[in-house]
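Next up: just one chain, as structure tokens, the form predicted on its own.
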Amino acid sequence: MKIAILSGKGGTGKTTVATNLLSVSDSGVLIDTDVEEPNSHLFLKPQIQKTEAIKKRYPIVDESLCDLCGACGDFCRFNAILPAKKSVLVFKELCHDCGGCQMVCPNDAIRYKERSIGMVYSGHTITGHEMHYGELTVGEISGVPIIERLREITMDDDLVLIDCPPGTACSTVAAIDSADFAILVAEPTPFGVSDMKMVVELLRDLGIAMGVVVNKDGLGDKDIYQYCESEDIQILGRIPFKKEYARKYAGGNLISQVDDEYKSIIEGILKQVMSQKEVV
């Protein structure tokens, strides 16, 4: 079962829930697909056993063959290759590696070269679980190839927890592409509910079953509960707003490892999600 943990915005407790779900599971694998700012490893503290550079291709032009016809530039929708008066300019960071410019070149003047856009790290956590996380190189535009590699690595695992990027961008869509169920972590505040609605629409468009975990319960208002009831969305659990939790989190702890009440809440959430296995 592939379980995506996501949120409408950053800072709602998505990674906290994901890492603690892993810690209470009998077996399971976590992939951190928030490749622009991964931080699950800060809590799971894996011993890294393997690293892998993720590469993407970009075009290079043989000027001895190019007659500056402009076909490559006309084809590229991302302005990654632009014919000028005397040469063809290539902006490798903008290239989506589709191969189109090479296909339309009438003079066979375009070849491709690989470059690294980030890394994937694999290892075992302090709780004995397997985890993988990706890290996008600063300045790169898209981490989707890294996310696709993380999904590929765990394709055959029975239980995969996917710590997703926040929001509804392309990277989030790539992360939840193979998910069987989604846990939407949200705060009971006006901003929390507003951002959450966009994620609900995305999940429904993709046909992914979902439930909500209310983090910092008791902090805001009751709008989130009214919204979930009106939209027939199951609330999987409520994590109370407690300074004690915040202090343990700030200390770099897996809260479920040091707080029995929190552990019981997380175990209840996991139990409810796993009960969906026969449904999805």
Partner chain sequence: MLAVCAKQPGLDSTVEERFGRAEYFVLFDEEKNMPQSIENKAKFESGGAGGTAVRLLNENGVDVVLVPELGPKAMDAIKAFEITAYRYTEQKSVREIIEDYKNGKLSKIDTSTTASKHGMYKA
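Residue numbers count along the first chain shown, from 1. On a predicted model such as this, the values are computed, not experimentally measured, just so you know.
Separately, the form predicted together with its partner chain exists; it is not shown, and the next lines address it.
Engineer: Which residue, 194, 79, 178, 116, has a heavy atom that falls within 4.5 Å of its partner chain in the predicted complex?
Structural biologist: Flagged contact: 79.
Engineer: Identify, from the list 209, 206, 94, 103, the residue with a heavy atom within 4.5 Å of its partner chain in the predicted complex.
Structural biologist: Checking each option against its partner chain in the predicted complex, the one that comes within 4.5 Å is 94.
Engineer: Heavy atoms within 4.5 Å of its partner chain in the predicted complex: which stretch in 67 to 75, 108 to 116, 121 to 129, 153 to 161 meets that?
Structural biologist: Stretch 67 to 75 is the one.
Engineer: Under a 4.5 Å heavy atom criterion, is residue 189 part of the interface with its partner chain in the predicted complex?
Structural biologist: No, residue 189 sits far enough from its partner chain in the predicted complex that none of its heavy atoms falls within 4.5 Å.
Engineer: Since only the chain is shown here, I'm wondering whether residue 36 would be in contact with its partner chain in the predicted complex (any heavy atom pair within 4.5 Å).
Structural biologist: Judged by the heavy-atom cut-off of 4.5 Å, residue 36 is in contact with its partner chain in the predicted complex.
Engineer: Quick one: is residue 84 in contact with its partner chain in the predicted complex, heavy atoms, 4.5 Å cut-off?
Structural biologist: Heavy-atom contact with its partner chain at 4.5 Å: present for residue 84.
Engineer: In the predicted complex, is there a heavy atom of its partner chain that lies within 4.5 Å of any heavy atom of residue 169, even though the partner is absent here?
Structural biologist: It does: once its partner chain is placed as it appears in the predicted complex, residue 169 has a heavy atom within 4.5 Å of it.
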